[in-house]
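Have a look below at one chain only, the form predicted on its own, in structure tokens format.
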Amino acid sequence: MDIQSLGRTGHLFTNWATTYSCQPELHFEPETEEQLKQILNTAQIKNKKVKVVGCGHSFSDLVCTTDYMISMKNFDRVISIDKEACKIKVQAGIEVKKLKDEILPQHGLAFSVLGSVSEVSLAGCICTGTHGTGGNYGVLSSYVLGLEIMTANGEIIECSKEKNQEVFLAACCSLGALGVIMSVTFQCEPAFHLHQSQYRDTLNNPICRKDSWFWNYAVGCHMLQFCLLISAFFTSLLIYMNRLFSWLLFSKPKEIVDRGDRVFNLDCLFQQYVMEWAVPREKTAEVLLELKDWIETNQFPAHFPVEVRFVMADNIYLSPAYNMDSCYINILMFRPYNKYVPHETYWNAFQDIMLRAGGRPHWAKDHGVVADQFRKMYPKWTKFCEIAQKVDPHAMFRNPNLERVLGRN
């Protein structure tokens, strides 16, 4: 088969936040394993780089390429479900949203923890170390039981905690550097409900307000976006807008009991710049106070909120929570109507604070850390690079982002 007939030219990839884009030479959406092998074989012959893309929700240039881009959207089948053991095996291109909304509830199952967004591929979550929150819960990859990966030469590697363990611990947060994840075996648990309590502890005995479209979207999204656009031109107004919307949206306590996945997820509203780091859990207060002090001292017009979540340590080689009970701290600057909003000074200051605290950046978010710095952050860095070199000796799955953070082969 002519590889040109499988690929499409002129495809413009843009991530959800519209902060990064690229135009690959060819964009593929293979439907079979054989087609995928042909694409990788042609890339090898023509010395092309290959990047696999999920749903584009990474806030960085992690998947950008000018060579070959592969979407695994057609690899979205359920392979098997073991309801008694709460295990599911699926093709890796499946969206988390489809799993948590349709498939798992039908079998009385649920993810133990989820990230803020579910419009993402399961493979994308695994490759980037996506996390939720809960001091006794790990990143999503810590619930992976087994993987099947197609390497650059078309070989399928099976790995798990019992088989090819070192490859498994590298692949559970691989940044796409090892190959194409074909299938995932995932540990779930019986479906459950969560009780969410939202409140501000600076107010006494406030009156509850029920959810409504008006508060969640007319005020919480559309009015907020318009006001942030105004504040982009008149930055002195931002502090008052932050206080106003904080009061309008969060001054009244809110109690929700719902299916766990619905409580885990939140509405990202509209486009934004995002940076997130994990720090040792015991440094949480120190870091937040230092960030608050920097914002106030420099009178920087920072947007709210600052998101704080807790994650249990794991043993995955490139997980930001590797051997570290972690607090993930996420800052953002909204981009009302896709407008550029100055944020670089804020980003640099935040990164400096997190570096001093022994932090590690989230792989799917913006950061300015390079290979020499990462080598000092991760005890298994050299082991990961050795595995990557072995399964992808010609660095087919590298792009400028990975050359920056992993170094050149």
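Just so it is clear, the model here is predicted, and its values are computed rather than measured. Numbering starts at 1 and runs along the sequence shown.
Unshown form predicted together with a small molecule; subsequent notes refer to it.
Residue contact check for G359: none of its heavy atoms lie within 4.5 Å of the small molecule in the predicted complex. H57 belongs to the set of residues with a heavy atom inside 4.5 Å of the small molecule in the predicted complex. In the predicted complex, the small molecule sits within 4.5 Å of a heavy atom belonging to S121. Taking the partner from elsewhere, H303 is found to have every heavy atom lying beyond 4.5 Å of the small molecule in the predicted complex.
Heavy atoms within 4.5 Å of the small molecule in the predicted complex are found in one stretch of 285 to 293, 178 to 186, 81 to 89, 161 to 169, which is 178 to 186. The contact residue chosen from K380, K51, H27, H343 relative to the small molecule in the predicted complex is K51, the criterion being a non-hydrogen atom within 4.5 angstroms. Between the small molecule and the residues I329, C125, A321, L99, the one pair within 4.5 Å by heavy atoms in the predicted complex involves C125.
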